[in-house]
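Only one chain comes next, encoded as structure tokens, the form predicted alone.
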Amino acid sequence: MDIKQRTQMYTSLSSFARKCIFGILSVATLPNHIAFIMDGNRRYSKQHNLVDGEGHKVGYSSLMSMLRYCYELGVKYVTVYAFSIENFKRSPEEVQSLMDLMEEKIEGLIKEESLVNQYGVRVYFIGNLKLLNKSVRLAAARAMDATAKNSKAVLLICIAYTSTDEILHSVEESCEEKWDEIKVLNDKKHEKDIISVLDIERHMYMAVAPDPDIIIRTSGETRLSNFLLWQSSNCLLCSPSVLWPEIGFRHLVQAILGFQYNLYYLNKQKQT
């Protein structure tokens, strides 16, 4: 048996094993939305003596694996924290390297044989996109347009994003909208009730998806780092100790089991 045949056999066995495990997990309630904070790419590079940027490339492979597992399981929404506004403070060389890698991978998303097309995934880019350079911004727009008709699942990529920026944006949009309504109505009594929570939520970047059920942050960190602060009040936070490039199938299964175990409490919290 040659290497290619052994690889095919291993892939088939792995796929069969996952289906069996997913069948068991699906007996209980499954999460509808899982979010990932992909922490540890740079530390992985240092630990393995890789050149700059190689850790992020390995991390991209881990992301593709996680997406495949989620969509095989039937998770409708997956959100990933790809690039924070704070990351722009890194060295210009590192930021440019990450932007180049991001543009390359975004273009790969819209290829016919890509994972998003295999699973019918619609892609959204979430964040203050005007902060991106033009080529990355245009690549993101092409990916969103190319996948707009996909409806089986959704991938939300948070790029040039922080939760505080999202909230500020939403408040500004809500104020502008309400002020326009007041001017049209020419009725001062409406000024007493200008903005509601529903108004703010409607203008959030993340308004296209329900709140996450699980947030997984690798490298053992339990901080949200300005990620989905508004949306995460009733979700499970999982913090496996592995770095992002090392995350595997078992870590996803552990997170889902933790969600199912705590589901009663999480639902009770939502009702209060």
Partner chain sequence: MRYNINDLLSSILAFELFLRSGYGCGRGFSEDILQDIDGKICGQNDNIVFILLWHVIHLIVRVIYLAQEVLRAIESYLVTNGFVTTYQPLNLNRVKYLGIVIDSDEARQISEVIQLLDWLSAIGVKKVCLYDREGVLKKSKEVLVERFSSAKLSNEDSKIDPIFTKTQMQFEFVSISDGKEAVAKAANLLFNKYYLDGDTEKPFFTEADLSNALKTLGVVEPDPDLLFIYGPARCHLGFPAWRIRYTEIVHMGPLKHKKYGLILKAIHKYTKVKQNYGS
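Just so it is clear, the structure is predicted and the values come from calculations on it, not from any experiment. Positions refer to the first chain, counted from 1.
One more form of this protein, predicted together with its partner chain, exists but is not displayed; see below.
Enquirer: At 4.5 Å between heavy atoms, is residue 225 in contact with its partner chain in the model of the complex?
Expert: The answer is yes: residue 225 has a heavy atom within 4.5 Å of its partner chain.
Enquirer: Is residue 165 one of the residues lying within 4.5 Å of its partner chain in the model of the complex, judged by heavy atom distances?
Expert: Residue 165: contacts its partner chain in the model of the complex.
Enquirer: Does its partner chain get within 4.5 angstroms of any non-hydrogen atom of residue 179 in the model of the complex?
Expert: Yes, contact at 4.5 Å.
Enquirer: Decide whether residue 149 counts as a contact residue for its partner chain in the model of the complex under a heavy atom distance cut-off of 4.5 Å.
Expert: Residue-level check for residue 149: no, no contact with its partner chain.
Enquirer: Given that its partner chain is left out here, which of 112, 145, 86, 93 has a heavy atom within 4.5 Å of it in the model of the complex?
Expert: Answer to the contact question: 86.
Enquirer: Could you spot which one of 50, 30, 242, 207 gets a heavy atom to within 4.5 Å of its partner chain in the model of the complex?
Expert: Answer to the contact question: 30.
Enquirer: At 4.5 Å, heavy atom to heavy atom, what parts of 31 to 54 sit next to its partner chain in the model of the complex? List them in sequence order, or say none.
Expert: Contacts from 31 to 54: just 42.
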